[in-house]
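Form predicted alone, single chain, as structure tokens, below.
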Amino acid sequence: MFTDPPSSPSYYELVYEVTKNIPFGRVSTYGAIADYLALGSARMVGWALHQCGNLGDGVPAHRVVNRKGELSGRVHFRTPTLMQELLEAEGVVVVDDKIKDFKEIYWHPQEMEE
């Protein structure tokens, strides 16, 4: 009897799994996730997170920012201020749509392996 081979997780599922590992009160970048997965670009990570439905499935997309610490994805949330509000609820300070002390709270996916 022939059975289908087990399916591999999709690119989006891989992005979501990495994003779910970003600790409360920390942030990562689209580029760091893309580099860690070695499957595409920062833009593809952004697109995947845009498709996840803004927290509808437990993916903390608000914890992913651009390489400068800017909330570049904020326009894809239900309201333009929701991303900042969610980060501030975790103790992250945001000034002018940018993470304050970005380098101190930055999290790289490699930390999952440590």
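The first residue of the shown sequence is 1; numbering continues from there. What you see is a predicted model, and the numbers here were worked out from it, not measured in a lab.
There is another form of this protein, the form predicted in complex with the DNA, and it is not shown here; the text below is about that form.
**Asked** At the 4.5 Å heavy atom threshold, is W47 in contact with the DNA in the predicted bound form?
**Response** Yes, W47 lies within 4.5 Å of the DNA in the predicted bound form.
**Request:** Could you confirm whether L39 comes within 4.5 Å of the DNA in the predicted bound form, counting heavy atoms only?
**Result:** Heavy-atom contact with the DNA at 4.5 Å: present for L39.
**Request:** Answer yes if any heavy atom of T81 is within 4.5 Å of a heavy atom of the DNA in the predicted bound form; otherwise answer no.
**Result:** Output for T81 is no: heavy atoms all beyond 4.5 Å of the DNA.
**Message:** I'd like to know if R26 sits close to the DNA in the predicted bound form, meaning any non-hydrogen atom pair within 4.5 angstroms.
**Reply:** No.
**Request:** Quick one: name the residues from 66 to 81 with any non-hydrogen atom within 4.5 angstroms of the DNA in the predicted bound form.
**Result:** Residues within 4.5 Å: N66, R67, S72, G73, H76, F77.
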